[in-house]
Every structure is written in structure tokens, then in C-alpha cells.
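First, one chain by itself: the form predicted on its own, in C-alpha cells.
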């Protein structure tokens, strides 16, 4: 297997695993908590190394998972005091835990390959070189095995608890009334976030993990209102960001993790502009269409029941419109045969009167975009 393919596979596993779990963070409006966990698990990684004396994946995942749960517990504990809002609680907890991890690294792990560059930035280009051995034989890159297992665990977690996660995400009160425990599922989800984060630390670093946790799900969120579709799109955007980001880094000779995050942001920007339901362009077109319909309705209602012709100058003064806008509205209504021009100005036609009586003017005829 070529090194390029290994890098793409590792990045794709990380992106897919993060997108699956991150989708629920986005839906629960907890994106900032995902960022907090990705940094606050650092002391758990260091403590796991200090206790075991090695950087084995399982102890580090357990240590990071424990600190992730502790982060969530402390954030909620501070928030429950009603003295701090949730964002302030996050801002208090995760810098404190992260700084403890920094101190532990500088004091006790300065002479080993466990530093801040590894944690924050990672280096996925070295993934093909760090091999995993079983009974003295190489079985492939360690990063691919670790992140592949994390991805499989996330898939099983979502499949097994899909209905429960869906219910607690959208209606925690109903979930509690039906006998489900939103708190237990909440901590289970946060534990999976912690495991996903630490699994990707050495490969891509915390910064890209945060990007993959939030940006692909947020991109998918702009395209659908169905949870299963959102999960599929989020994974697709994450993998696409990984693949395109690698080739962009190859062409530009740039940071691979940085290029992947850049592509992810570019895809979000593209969807944010062009989404058929929630994009800026679609919103602008709907507002433009609504504004045109409103202008048509105002002018037509003004002419309704009045046999006297109205000149364009009179209409411009009446509605404080520019002459060009008046002519545009008049031309549009004339094409629909709802008004006609006469020698002294403009009058409403029987078709226009009938349209008003049937409620077929303006926004009443506008069919809203499918949600």
C-alpha cells in the first residue's frame, strides 16, 4: 500500500469518525464543548503515559476518555450553580485542564515524543512510518488501526443507540418520560467524543479534529432536515475534505492537516452560499421574489375599485418609489394582464379585480421553498 493511500485512508477514518459524533454535537448546540474536550483531554493522555511508561493506544484512550467525562461533569456542575452560563463554564474548565496538561508535559514528559506540536498539530505524513507489530510482525500503520477501530466503534455506537440519540437530541423531556436517561446518553456521547479525539491526536492533531467534528456536520446541516441523511452527508463531506485536502497539500507543498481543514471550510462556504433551502443565495432569491410580489400586491390593491387612471408619477409619490421601480412593477403586472395602460395612466383590468377577489395576488400565490 502506497504512503499516499495510507495517509488518505487514515484521514478519511478520522474525518468519518469525527463527523458521526460531531453531528450530534452540532444538533445539540454543543460545538464549543467538543472543542473544550479536544483540549482538556491532554492531562489524561499525559497521566496515562506516566502510569504505564509507554504510549500504548488503550491506556491513552482510557485516560483521555476519563478526562473528557470529567470536563463535561465540571462544566455542568458550574452551570448548575446558576452563577455561570454554559459558555462561561466551558471557558473556565478547558483552559485550566489544558494548562495542567501543558505543565505535566513540560515537567515529566519533555524527553519523550509527547509534545504540544504532536497534540495540537499532529503530522499525518508520518503515519505510514509508525507501524503496529503483533508477535514481532508488522500488521500495518498504527494510526490506520487505531482510527479504524475508533470509526467502527462510532458506527456501532450510532447504530445501536440511534433511536435513543435521536430522541434525546430533539426532545430530552419526552425521552425521560419514556424511560430513557438523557444524562446517561449525554455522558456516553461525550465519552465517544473523547475517544475519537485521542485516537486522532497523533495523526492529525487537536486542531483538525475540532474542524472535522464541527465543519462537515454543520455543512450537512444546511442541506437537510433528516437525521440519517445528515449523518451520511457529514461523513461524505468529511471524507471529501480529507481526500481533496491531501491533494491540495501535495500540489502546494503545504501542511496536510491545514489543507484538509481549509478544504472543509471551503466546502462549508460553498454550501452556505448555495444551499437550496438555507443558503444565502436562496434566501436572497426568496426575499427578492417576496419583495416583487409585495410590490405587485400594493400597486394592484391601490388600483382596486378605482375607475380613475393613475399616472406613474402619482404611483411613485404614493409609494415613495423611484420611477424605474414603478415602471418595472407596471410592466410585470401588464404582462399578466392585470392592469393596462390608457391615455391618462394605468387602470386595473377585470382579470386583476378577479385575482384580488380570489386572493391570488402576491405572496398568496408564492409557494415557499421545500423545507
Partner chain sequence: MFDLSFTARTVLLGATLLGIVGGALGSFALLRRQSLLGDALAHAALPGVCLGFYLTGSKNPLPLFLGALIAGIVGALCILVIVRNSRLKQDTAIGIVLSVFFGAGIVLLTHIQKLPLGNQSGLDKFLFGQAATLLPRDVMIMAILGGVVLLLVLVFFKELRVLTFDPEFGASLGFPMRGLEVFLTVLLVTVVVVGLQTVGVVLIVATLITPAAAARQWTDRLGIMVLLAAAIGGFSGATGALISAGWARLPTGPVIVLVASAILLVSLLFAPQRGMLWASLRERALAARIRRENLLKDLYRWGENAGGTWSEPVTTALVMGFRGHTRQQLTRVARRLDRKGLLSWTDDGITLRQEGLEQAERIVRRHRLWELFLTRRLELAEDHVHRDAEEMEHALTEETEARLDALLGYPTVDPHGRPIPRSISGSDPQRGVA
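Positions refer to the first chain, counted from 1. Keep in mind the model is a prediction, meaning the values are calculated, not measured.
Not on display, but discussed next: the form predicted together with its partner chain.
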**Item:** Segment that reaches its partner chain in the predicted bound form - one of 234-242, 214-222, 189-197, 297-305, heavy atoms within 4.5 Å
**Value:** 214-222
**Request:** Please state whether every one of the three residues 90, 102 and 268 places a non-hydrogen atom within 4.5 angstroms of its partner chain in the predicted bound form.
**Result:** yes
**Message:** Can you tell me if residue 32 lies within 4.5 angstroms of its partner chain in the predicted bound form, counting non-hydrogen atoms only?
**Reply:** yes
**Message:** I'd like to check something about residue 293: if you look in the predicted bound form, is any of its heavy atoms closer than or equal to 4.5 Å to a heavy atom of its partner chain?
**Reply:** no
**Item:** Contact label in the predicted bound form: residue 84 to its partner chain, heavy atom within 4.5 Å
**Value:** yes
**Distance check, residue 247 to its partner chain in the predicted bound form, heavy atom within 4.5 Å** = no
**Complete:** The one option of 261, 150, 127, 72 with any heavy atom within 4.5 Å of its partner chain in the predicted bound form is 261
**Request:** Taking 4.5 Å between heavy atoms as the contact cutoff, choose which of 139, 254, 288, 274 touches its partner chain in the predicted bound form.
**Result:** 254
